[in-house]
Each structure stands twice: as C-alpha cells, then as structure tokens.
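To begin, one chain is listed below as structure tokens, in the form predicted on its own.
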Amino acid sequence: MTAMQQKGAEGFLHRYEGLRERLPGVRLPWVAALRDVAAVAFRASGLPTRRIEAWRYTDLRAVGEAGFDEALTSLEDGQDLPAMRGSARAVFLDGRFRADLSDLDGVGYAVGSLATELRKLEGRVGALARPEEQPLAALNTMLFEDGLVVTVPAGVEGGVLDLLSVASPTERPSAFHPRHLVRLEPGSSLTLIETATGPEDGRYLHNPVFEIEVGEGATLNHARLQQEGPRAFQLSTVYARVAAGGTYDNFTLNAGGQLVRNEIHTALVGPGGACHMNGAQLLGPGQHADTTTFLDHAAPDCASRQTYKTVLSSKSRGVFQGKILVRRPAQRTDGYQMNQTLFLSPDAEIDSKPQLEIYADDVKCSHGATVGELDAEQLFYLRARGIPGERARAMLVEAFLTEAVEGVSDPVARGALEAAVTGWWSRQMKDAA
C-alpha cells in the first residue's frame, strides 16, 4: 500500500472511531459487532492496491489522496431531480433516505429506509457481503448510515421502482456508503432502475453495497445508470443470490465519474436459475471505468449471459475482468461471456480478462474479447450516401451501443438506458465541437 493509500485508509478508520457512537444501530449488539469485525478487516487490508490481482488495472491512489470527510446533507435550491420512470421513487441524498423527495405511496410491497428498519434486519444485513475478502465492502459495513430495504412478497408483481442517489454540492470532499437490501420472495418480480448522479464540480466518493436475494421463480430486472459528476469516484459492489428457477437481470451503464469500479458477485444456487450481467462503459477524456464480475454456477441446469461493451474516446481507460466458476455439481451449465471494445482514439486503453474455471464435465461455456475501431468500409458506405462524417461516426457508435441495450427485457428500463446512451453521445459531440 502506498503512503497516500495508507493515509486514506487511516482517515476512514479515524472517521469510524469518531462516528461510532452516532451511527445507526449503535445500541444493537449485532450491528456493533458487524461494524467492528469490518473495521478489523479494513485495518488489516487498507484500500486495495495494484499488487492485488483483482485490482491490477485500477489504482485507488486518487481516492486515498482526496481526504474525504463526512457527507453533508444539503440540497441546494434549484437542484432538479430526474423525472420518475416508475410508479415509485426512493431518493437518497448523500447516502441518506429523503422521504420528502421520495414517492412510495401505494406500492404493493415493503420498501423503506434501512436506518429506520435496522432493528428488524438482523441476519439480513451482511448475509451476502464478504467484508473479510472485499475491502470496499468492509469500508461500507463500517460506515453505512442508511440504504434502501425492499421486500416483495411471494407472487407479487412489483412494477418499476426508481432508486435515485444524488450527491449534494459541497465545498469539501465527501463520502457516503449506502447499504441496499433487496429481497424477492418466490414467484415475485420487480424492476429496479438505479440512477447515481452528482454536481459537475463535486468531489465525492459513492461506495454502495447491494445485497440481493432472488427467490424461487422470482425475477429481478436491475438497470443501473452511473452518471456521477466528472470529478467523482464510485466504487460499487453487488452481491446477488439466485434460487431455483429465479432470474437476475443486471445491466450497468457507466457514463460518468472520474474513476469507477462496478463489481458484481452472483451465485446461482438452485437448479434452473439464470443470470444476465450485461453493460456498457462510455468513457471520455481522463475517465477510468472498471467492470469486474464473478459468476458462481453452484447448481445444475443454470444459464448465464454476459456481454459488456466499452466505447473509449480521448485518453480514457476501460477494464473488464469477468470470471465464470462452474462447480462440480453444476452439470448442464450454459455460460457465455463476451467483452467488446470500440476505440475512438489512439490514446485510449482497454484491459480485458475474461476467465472460465470449470469443474463439471457436462457444460457449454464460452468466452471471448474483441477490440477494434470504427469500420472504414461502413463509414465509406454512409459517406457515399451523403451522410456527413461526424453523423456517420455517430450512427455507427450508436448502433454498437444499441445492440447492448436491446437485451434488456423490461421496456421502461430499456428506454431509460437508451436515453442515457443518447445523452452521453450528444455531450461528446458538443465537447468535440
């Protein structure tokens, strides 16, 4: 660990000691024990460094140097929130639930604030996260103040829920670590559209952890739109556990932030389960985005699909690390993994590492990676038909990205992602001009 990363880790630990008696659940022995164990793990590991194989391509020195302080909770007048996409919306400002900005009336399932419901959540908080193995999960467990808690009862169709995380404008670096718990009971369904956004000049760290349980025959569509401010850091970790016949469909769009890491751990633990982990990374000047996935096939007759696309412009850097583990009992596994990258600049960089680890003998698994530029023949074809050069390039980029989004099954989530992709490309063209 570098001196700056050590200093940054010590700063988070000092903050934990200072806030310990004010954090939610301080009088609940199980919460205090959970936080203390995480603090011991984080003190031992510190912030991850590139010496760790899983962090080989992503350097957190900038996080250690930022000097993050306690998050402030102040929404400036005139700071607008995006329009609602679903029938319900939960808003978190600097990692804390804001009932006055949310709209949860009339939903047919339980949804609310973790800080309010914490005493009822013993055995659920920390059930899937692994702070002893994941330093950022340990950091989150030490310092979480709030989060979203969702429980969809058996057989209920939950519709669409917006989860909006907003960073407020502040003059000093801030950090927040929300802990979100989502449980779908057997035969239920929900579409969760998660949007993270912040001010243009904000210097902040958003370090969320999701613990997701998908029951037998249940379906969760999880669309994630990362649109943080250009000076922000987002380091997110998702843990999902899928029971027999259940489906977890995750699509993550990384289109903001200075440094972003999206880490997803999914376990298929019951026969006939399915997981789709797809996404796109759209990176402009100076941006760094890392998608790291781990898919654990632990039961037979399960299927998984992973397709991640990256568009790189100017001096940006993308990372994809994807591992599929097929355990011995997971016979008749059907797994697919692909990473595709489109370069718009010779100064951009991609690190791609798809992996398979298979212990079963009756499987159908494949993985691969492709890297390329815009097709010169396709550009010529469009230019020959009177389409201006920049518009022709835009059409090819949009086609590359649209193909990724088309796999999202929920129409509301797909529309939100398509709008975000279009908005990103429009900004790139405006900045280039």
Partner chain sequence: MLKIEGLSAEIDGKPILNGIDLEVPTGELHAVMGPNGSGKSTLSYVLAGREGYEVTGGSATFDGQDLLAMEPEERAAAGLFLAFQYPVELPGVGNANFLRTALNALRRTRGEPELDAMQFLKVARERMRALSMPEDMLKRGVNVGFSGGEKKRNEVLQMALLNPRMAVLDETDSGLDIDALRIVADGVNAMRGPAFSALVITHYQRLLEYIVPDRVHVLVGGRIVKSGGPELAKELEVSGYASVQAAA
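Given the structure is predicted, the values throughout are model-derived calculations rather than measurements. Residue numbers count along the first chain shown, from 1.
Form predicted in complex with its partner chain: not shown, discussed below.
In short, of 50 to 58, 399 to 407, 22 to 30, 36 to 44 it is 399 to 407 that has heavy atoms within 4.5 Å of its partner chain in the predicted bound form.
Heavy atoms of residue 384 reach within 4.5 Å of its partner chain in the predicted bound form, making it an interface residue. Although the partner is absent here, residue 388 lies within 4.5 Å of its partner chain in the predicted bound form, judged by heavy atoms. Contact between residue 395 and its partner chain in the predicted bound form is found at the 4.5 Å heavy atom cutoff.
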